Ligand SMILES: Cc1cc2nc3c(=O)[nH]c(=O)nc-3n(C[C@H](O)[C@H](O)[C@H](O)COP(=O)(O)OP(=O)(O)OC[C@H]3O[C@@H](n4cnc5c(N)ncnc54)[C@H](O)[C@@H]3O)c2cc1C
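Have a look below at one chain only, the form predicted alone, in structure tokens format.
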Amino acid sequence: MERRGEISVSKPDRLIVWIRRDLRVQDNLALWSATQDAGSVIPLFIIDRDFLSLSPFRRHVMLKALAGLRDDLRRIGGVLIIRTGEPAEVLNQLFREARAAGVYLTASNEPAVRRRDDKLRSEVESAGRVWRSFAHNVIFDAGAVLTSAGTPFRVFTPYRRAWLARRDDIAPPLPSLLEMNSPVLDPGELPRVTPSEFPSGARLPEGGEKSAISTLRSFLGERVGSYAERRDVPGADGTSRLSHHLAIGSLGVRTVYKAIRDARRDDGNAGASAVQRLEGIEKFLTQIIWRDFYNQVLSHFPHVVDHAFRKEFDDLPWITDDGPFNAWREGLTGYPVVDAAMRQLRMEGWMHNRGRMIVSGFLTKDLHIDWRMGEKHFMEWLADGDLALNNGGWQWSAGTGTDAQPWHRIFNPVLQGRRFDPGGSYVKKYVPELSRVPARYLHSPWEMPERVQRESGVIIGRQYPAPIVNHPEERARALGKFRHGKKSAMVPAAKKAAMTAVRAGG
């Protein structure tokens, strides 16, 4: 737990709790601490430029969570205050309006937010008020799990070992608050996300703490036994679907860890099903550790926001043409599993993790487009958009991030589709124009003879595009580019061929 800016004062009458990525009543340390330290608490959410710039899917789940939080607080005597404007102005106005003695909040590890918070903290404390921040959106804060030399980890596997060695230090989640006193203030109104912001037929995710807890229980009670086997199958309901709840804080990560620990304890030691459940639980726990790992990378190495983690790859010669990027973005690359994943993102604000690895690898190593463009596009659509995890995942796929030698890991999109979507259910759901294509051609439809194309109702280049690049050729170029680092240049013919293929593919 991080406590900064503590001032020795008598117990304040009123405190503001600035709600940001902790949209819950249970296991909310800033909210809990304020109720212990003050007679009256003012939970505050600020609609600022950062909030308005979020993806519509993320704003949707945050507003659903805020509506639930407002109702939960009301039941225990609290009032959620909604204000619009820049944080410094909103806080100063509320300090005056409510005569509050200070502000409590959950700390962020995002560099821009930390810089802003440091400035605000200085201003708040200079005015004689209290500022306390708590590192409570991860299990272990950035400085808690270090190497034996006291330095941050750069590779996941040793970090995981060190993390697991400290699992007995993990504090249990705080219970839900039962009582709160808030002053009488204008609560303000929640904005709405308009339907026009979503594609036609979009499927909006559930939001709110109650939904999050229900999903957690359902996953650990019913699906975790098949998680190890099915988590890589994009057409199966094999993942937890908790990522957006963790990203916005409608579910506390310590609540998740306690549920994991309890599920493991309840399984005993006998039977094949128990073994499968234990394997699934451990795989799921590893994903929670990855979350901590990427958050500590962002804290210790803030340059990753704009630059490669591995600086020798900071100036790779990326292609900047819009044609291939737009084809990738719209799900029109001619590679069905890539297109299915990109269309899922637009329709649901979410993409299966296997899909994320496939499409990010395709953008950076088949199209040779800067990972930062893909990272930005994801944040514009994801409901679970999280700077640390999104950046870490993109840099891993691009070969510029934290791992031993990831640059030579180049997925073949055809083989990935055949391996992880062998029946084609995922592709057919999101690329319905291919629904009549025979299974043997589904992941490489350009190989269909003309007769089969006519019978399937898919003429390549008309109803569905031809591949915009030749994977074996682009794989070779990507290996050469990374092998030679900054000195390598993209072959001009590759750029011309990519653009020609985009035009031919419609």
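The shown structure was predicted, so the numbers you read here are calculated from the model rather than taken from an experiment. All residue numbers refer to positions in the sequence shown, first residue = 1.
Not pictured, yet referred to below: the form predicted in complex with this ligand.
Checklist entry - Is there a heavy atom of Arg291 lying 4.5 Å or less from a heavy atom of this ligand in the predicted bound form? => result Yes, Arg291 sits close enough to this ligand in the predicted bound form that at least one of its heavy atoms falls within 4.5 Å.
Checklist entry - Does any heavy atom of Thr84 come within 4.5 Å of a heavy atom of this ligand in the predicted bound form? => result So Thr84 does not count as contacting this ligand.
Next on the checklist: My question is simply whether Arg129 lines the interface with this ligand in the predicted bound form - judged by any non-hydrogen atom within 4.5 Å.
Outcome noted: Contact with this ligand, no.
Item to check | Contact of Trp394 with this ligand in the predicted bound form (heavy atom, 4.5 Å) | outcome: Close contact exists here: in the predicted bound form, Trp394 approaches this ligand to within 4.5 Å, heavy atoms only.
Item to check | this ligand: the contacting residue among Trp381, Tyr227, Tyr426, Trp163 in the predicted bound form [heavy atom, 4.5 Å] | outcome: Only one listed residue qualifies here, and that residue is Tyr227.
Next on the checklist: By the heavy atom within 4.5 Å rule, which residue out of Val103, Ala327, Leu389, Met180 makes contact with this ligand in the predicted bound form?
Outcome noted: When this ligand is considered in the predicted bound form, the option within 4.5 Å is Leu389.
Checklist entry - Which of these stretches, 329 to 337, 306 to 314, 76 to 84, 349 to 357, has heavy atoms within 4.5 Å of this ligand in the predicted bound form? => result So the stretch in question is 349 to 357.
Item to check | Heavy atom contacts to this ligand in the predicted bound form at 4.5 Å, residues of 229 to 264 in sequence order | outcome: In sequence order, Thr239, Ser240, Arg241, Leu242, Ser243, Leu246 come within 4.5 Å of the partner.
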